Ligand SMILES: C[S@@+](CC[C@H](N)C(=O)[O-])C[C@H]1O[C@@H](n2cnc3c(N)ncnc32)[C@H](O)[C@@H]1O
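To begin, one chain is listed below as structure tokens, in the form predicted alone.
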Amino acid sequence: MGKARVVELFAGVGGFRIGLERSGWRVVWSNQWEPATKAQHASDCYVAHFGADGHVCEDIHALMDEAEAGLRDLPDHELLVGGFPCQDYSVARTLNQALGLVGMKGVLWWEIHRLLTMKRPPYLFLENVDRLLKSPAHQRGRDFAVMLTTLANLGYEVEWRVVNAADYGFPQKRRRVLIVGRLAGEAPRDPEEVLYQGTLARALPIERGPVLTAAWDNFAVTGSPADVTESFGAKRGATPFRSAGYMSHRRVWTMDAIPAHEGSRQTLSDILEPTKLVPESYFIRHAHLKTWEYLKGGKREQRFHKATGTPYFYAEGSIPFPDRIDWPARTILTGEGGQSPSRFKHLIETDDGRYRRLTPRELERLNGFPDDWTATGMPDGRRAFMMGNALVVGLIERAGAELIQEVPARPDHVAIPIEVAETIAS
């Protein structure tokens, strides 16, 4: 009962919780609710493994309205975590569809902000797709700048890293941005120390040398979130946020980080089930192979606009057919499930010369979940969808193990008043 306490938003099927509990944290409250669907498969899966005590499957907007009105109590905690919805930034969508903070699910960032304002936890740990650092397309980096500005206003400092899980030995090429925040001191820490020895750098080491030591840019995020929305990045051709960074007292230091991993490395072959155990429905009929090969192949074709009939050329590069099993797997996407041919689904050649899709259990292994974690009553297609939305548990475990070392022995912190936080941020 003395473990540091966690509140988890957008809990999904529990990947964050698995990693944090392995590294010594204790989740005391969680929320998972998917709009526009009656079946709450993710929440049901979460409850099946962790129990219903402290878990709420309700609309986070309404829930926070009640909390602010004093109609619902939320527990004190040392760490707020969440893989907040990333559909508006997803690499599976084109840039002009990346709505960012103005998107329906992008606005859920403000529910995180409301909870931070209300409860003032000393730490936060968030995860999102790396598109977040360069969203939206017409104003690169604006959305992340808004987030940093709002956190600075609340008295937090932030370090972030864009991490490809395969660079640290995991069996999937999955790029995500990890964000760690803490209530700031009276002045920024040494940015070099944070970038090379901070929480994320200790968990996920990077190379360091004479050339890299001072290879960062620095600038400020100033004004209100509304000011940032209007002006940040409007005249820039690219986002100013690079793959590693630190923000404190509105100053930002950012640089390109080069992974430094000397341990073992897993590949797709390491997580595959024996062919004899794979259900027949996962094998591809010979008559469908040509369609799979076409979809995954490179092409430049003349097509016609549906509305106007105007001709245009559609081009795309090839992706492996079949997927190489001696490499880390490509990123799992939410459309991985189902039998229909697809450019993006994984397709491997088996030891008996046939071709097949990956099973839900194999997809779970690629993200570091225990076998059959999502076998809680949902269809196989939904199980694949959940893994497309999930994170790599091992990354959370490694970062969580470093972050918990910073928490005082007595986890009964007293949050600093908001007035003090605003003074620090200014």
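Being a predicted model, the structure only gives us computed values, none of them experimental. From 1 onward, residues are counted along the sequence shown.
We do not show the form predicted in complex with the named molecule, though everything after this point is about it.
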## Note on the structure
Heavy atom within 4.5 Å of the named molecule in the predicted bound form, from candidates E66, E58, D44, D372, belongs to E58
### Query
Should F10 be counted as a contact of the named molecule in the predicted bound form, where contact means heavy atoms within 4.5 Å?
yes
### Task
Using a 4.5 Å heavy atom cut-off, state whether L358 contacts the named molecule in the predicted bound form.
no
### Query
Is there any non-hydrogen atom of S30 lying within 4.5 Å of the named molecule in the predicted bound form?
no
### Task
With heavy atoms only and a cut-off of 4.5 Å, decide whether A399 touches the named molecule in the predicted bound form.
no
### Partner-facing stretch of 387-395, 47-55, 22-30, 358-366, counted where any non-hydrogen atom is within 4.5 angstroms of the named molecule in the predicted bound form
387-395
